[in-house]
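Coming up is one lone chain in structure tokens, specifically the form predicted on its own.
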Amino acid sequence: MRTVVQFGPQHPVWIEPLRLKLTLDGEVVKDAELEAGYVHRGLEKKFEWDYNKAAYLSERVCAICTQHHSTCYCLAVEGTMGLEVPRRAAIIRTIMLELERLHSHLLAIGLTLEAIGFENLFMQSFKDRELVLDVFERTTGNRVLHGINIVGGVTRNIGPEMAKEISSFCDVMEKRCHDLEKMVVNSYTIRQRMQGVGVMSQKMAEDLCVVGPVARGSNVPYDVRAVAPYLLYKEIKVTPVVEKGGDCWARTMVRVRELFQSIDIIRQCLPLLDGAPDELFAKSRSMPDGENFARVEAPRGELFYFVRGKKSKELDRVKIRTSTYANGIGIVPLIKGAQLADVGFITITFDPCIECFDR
């Protein structure tokens, strides 16, 4: 006997509204329909105003990867003006991006562990994440909406004392991440619960064009930092972290291993500040004109901004393709054939951001 179950839009495993209409045969999901749009805000239309103010607006698209949104937006606008940011600003932007990847991955790992009942590891992940937010507060004055990026550069410097603090933070965070990794990897229960659940093959990942840890967990070595470097990634070689399993375990382990990769990148950037000129901002003598796009590797995958200027302060068009939007298409195929008890768990390993999805 088939039963239709409404899964969401409010569900404990998600922190934002999303609805799945599930058709069940007993406990097995036979069909699924995904419905989003509950937090649509029409932000792309709002971007058609002062391009300088829009940098702050871009941070409001997503509260988790604010730095990636504003950086990608600024890179796209700077391309329409032929503007090159000072080297020091590029270094600071890169450090901020990797700090944000740290806190986003810790949040995703914590929520995944909470979904399978490990409240203590959830709290441990969030406790470690607080340290990253403290660094953001010390460097930018804000924990979530940093407001440091502007078209042409950044508004805040990282001086020698702050660089030393961030270096010490990397030492502490590396030890904590190793502790977290040991607890996850050595747990028989977590392995048993994650391995073989929600398997996405490499072919399926390539066919669906999913991005980020979802793709890399299926052995697809696609990382924008490696294939189309920007900012300091042109100098710092980034090797995509991949896992071959394609299951919930593989997607989680990609995020765990990328914690150490981010710490390593920050450590490589900090010494470069010593020899960089103090200039933080390059002023343009022209208005945004013509079309340009930029893409960055956000914590959830490729983030894309298209911008069209019209030689005035107001922009003609801004189009955003977020990583969750690209990954959303992969959720339904994995749910079909899964047990009802695994539905929430499988979706949370996608690290879905509904704010990004709906914009």
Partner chain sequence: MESKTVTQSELQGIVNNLKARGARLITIVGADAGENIEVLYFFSTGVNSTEVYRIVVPKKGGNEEVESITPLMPAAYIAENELSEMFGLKVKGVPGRFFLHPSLKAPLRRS
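Note that the coordinates shown come from a computational prediction; the quantities given were computed from them, not determined experimentally. Positions refer to the first chain, counted from 1.
Just so you know, the form predicted together with its partner chain exists too; it's not on screen, but the next bit is about it.
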- Query: Among 51, 270 and 274, does every residue place a heavy atom within 4.5 Å of its partner chain in the predicted bound form?
  - Reply: no
- With a 4.5 Å heavy atom cut-off, would you call residue 302 a contact of its partner chain in the predicted bound form? yes
- Hey, in the predicted bound form, does residue 306 get a heavy atom within 4.5 angstroms of its partner chain? yes
- Message: Is residue 321 near its partner chain? Define near as a heavy atom within 4.5 Å, in the predicted bound form.
- Response: yes
- Indicate whether its partner chain has at least one heavy atom within 4.5 Å of a heavy atom of residue 145 in the predicted bound form. no
- Message: To verify the annotation, which of these, 159, 229, 82, 196, has a non-hydrogen atom within 4.5 Å of its partner chain in the predicted bound form?
- Response: 229
- Task: Have a look at 32, 64, 55, 36 for me and say which one sits with a heavy atom within 4.5 Å of its partner chain in the predicted bound form.
- Result: 36
- Message: Can you tell me which of 203-211, 160-168, 100-108, 260-268 lies within 4.5 Å of its partner chain in the predicted bound form, counting heavy atoms only?
- Response: 203-211
- Task: Just give me the residues of 310-340, first to last, that have a heavy atom within 4.5 Å of its partner chain in the predicted bound form.
- Result: 316, 317, 319, 321, 325, 328, 329
